[in-house]
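The chain below stands alone and is given in structure tokens; this is the form predicted on its own.
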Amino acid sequence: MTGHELHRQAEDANRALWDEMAAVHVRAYKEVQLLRQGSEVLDQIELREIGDVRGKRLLHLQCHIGTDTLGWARHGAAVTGVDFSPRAIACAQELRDELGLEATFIQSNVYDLPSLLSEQFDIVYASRGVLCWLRDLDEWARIIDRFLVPGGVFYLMESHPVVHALEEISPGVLSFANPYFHRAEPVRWEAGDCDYANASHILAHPSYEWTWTIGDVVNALLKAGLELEFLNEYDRLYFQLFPSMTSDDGRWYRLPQYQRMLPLIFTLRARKPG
């Protein structure tokens, strides 16, 4: 199988998986209920690190069912959400209409987006579980630069790549079990795992995922011409990756035995010169 054929197979399988999960997540995501209640869905870290978005144009890449996109709309941004799953985009549009919010949603993978969208934005935003679905990080970064106005910012919140190299071998004990460094070919994960937001739902589709290091992410953005403003690390995660993780609110999880010892997410902000 050629590289192009593998990438096509991976994208088709991943799209089917996210189509499946979209319907599950509309019911399972706490963020959906928070939006319906008029409560905050965005985290205080990203609200603080991005700052005031009122009147700014914001492009949300890999937006899934649009909960964060609509959260930014409530903060006054003119938002456009993009996702490759048609079912996820349909769910996002239904939620937008139900809530009476202004938002544009486009079905596209990241790499095809420049052929569908000509606008530029003050902020390009991506968050929580996005990098592993990207086959080419250099092209991803060039596309981010393409959609930013001069002086615009890119913001990313993502799980720390080191945690995906670990497995919990016994209660509360982690060990390195998976490669940390990037490999050109994706890892195929077979169907049959539980959905991360609803453990009672057994996934019917496999996935293909890529690993990227912190250095890969930063270097891709720098090669695209963006200027890094900060990179921060935090010891909490947005889903229960390991069984021993605990949560006070059902949205953020910690490893009590590794408190202040192991990074679980990282954030960064980069600016396009202008």
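Note that the coordinates shown come from a computational prediction; the quantities given were computed from them, not determined experimentally. Quick note: we count residues from 1 along the sequence shown, nothing fancier.
FYI, the form predicted together with a small molecule isn't displayed, but the following is about it.
- Contact annotation: Asp43 falls outside 4.5 Å of the small molecule in the predicted bound form, judged by heavy atom distances.
- Mapping the unseen interface onto this chain, Gly129 counts among the residues with a heavy atom inside 4.5 Å of the small molecule in the predicted bound form.
- Interface residue remark: Thr80 is not counted as part of the site for the small molecule in the predicted bound form, having no heavy atom within 4.5 Å.
- None of the heavy atoms of Ser207 is located within 4.5 Å of the small molecule in the predicted bound form.
- Though the small molecule is absent from this view, in the predicted bound form it lies within 4.5 Å of a heavy atom of just one residue from Phe242, Tyr234, Tyr29, Trp212, which is Tyr29.
- Residue-level contacts in the predicted bound form: of Trp72, Phe105, Phe84, Phe147, one residue has a heavy atom within 4.5 Å of the small molecule, and it is Phe84.
- In short, of 129-137, 167-175, 96-104, 186-194 it is 129-137 that has heavy atoms within 4.5 Å of the small molecule in the predicted bound form.
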